[in-house]
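Just the one chain here, laid out as structure tokens, in the form predicted on its own.
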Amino acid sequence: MTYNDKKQFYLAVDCVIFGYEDYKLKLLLQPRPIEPSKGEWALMGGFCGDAETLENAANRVLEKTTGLTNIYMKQVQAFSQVNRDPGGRVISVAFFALINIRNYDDDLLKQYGAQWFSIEEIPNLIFDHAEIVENAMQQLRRTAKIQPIGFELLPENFTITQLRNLYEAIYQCTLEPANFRRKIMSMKLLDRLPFKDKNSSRKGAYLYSFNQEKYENLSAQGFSFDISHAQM
């Protein structure tokens, strides 16, 4: 048996790149560099090479467009509607990625004409990219309930309020401050640092860091990071 009589398809990856800034969850978009729909807003993506796995292709796209490596990335799903891409029969596998916006290479931002958009203000996107983003958001929220992935979006040191604001942006809801603090501190995953952030108040707020070793020990025993029930 051979595959010679089978129709050829294109296999692509699309990367939904999330960042966090100014109390908002943001999405990185670029003007599409090729036809069809050249110049319209699109996700970062590309075709999978002959010698690449899907994960390798997605990592290549992420490094090429952000200048970063070792990025947190998770597969979302495949998108295979027959007419999803007017340029041909293209099946795309989507991944979402989390990066600290402060680490992004500004020169690459300019090179690709890329821009950060808040989740509430995403422009019209090509093809089925809006559907891809929506599915990635759902996957992000599901994952945030079982893994402490939010720390990928924050600086190394942060306040409890900054952490709460981040998860409010992820869940798109208001979390009750006292309940959130009680829940997050009960997990014993944060190390309080001996200095404060005084940008938001004269008294200041203690800074914390995430203890990866403690988390790995807890996750080996079974661990849930669900803080969504701390809503008001």
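Since the structure is predicted, the reported quantities are computational estimates derived from the model, not experimental observations. In this text, residue numbers run from 1 along the sequence as written.
The protein also exists as the form predicted together with a further copy of the same chain; that form is not presented, and the subsequent description refers to it.
- For the options 207, 184, 44, 48, the one in contact with a further copy of the same chain in the predicted bound form, meaning a heavy atom within 4.5 Å, is 48.
- Put simply, of 80, 103, 161, 115 only one has a heavy atom within 4.5 Å of a further copy of the same chain in the predicted bound form, and it is 80.
- Put simply, residue 53 is close to a further copy of the same chain in the predicted bound form: some heavy atom of it is within 4.5 Å.
- Residue 146 belongs to the set of residues with a heavy atom inside 4.5 Å of a further copy of the same chain in the predicted bound form.
- Heavy atoms of residue 9 reach within 4.5 Å of a further copy of the same chain in the predicted bound form, making it an interface residue.
- Though the partner is left out of this view, residue 67 does not reach within 4.5 Å of a further copy of the same chain in the predicted bound form, counting heavy atoms only.
- Shown alone, this chain has one stretch from 72-80, 150-158, 117-125, 104-112 that lies within 4.5 Å of a further copy of the same chain in the predicted bound form by heavy atoms: 72-80.
- In the predicted bound form, 78, 80, 81, 82, 85, 87, 88, 89, 90, 91, 93 are the residues of 78-98 with at least one heavy atom within 4.5 Å of a further copy of the same chain, listed from first to last.
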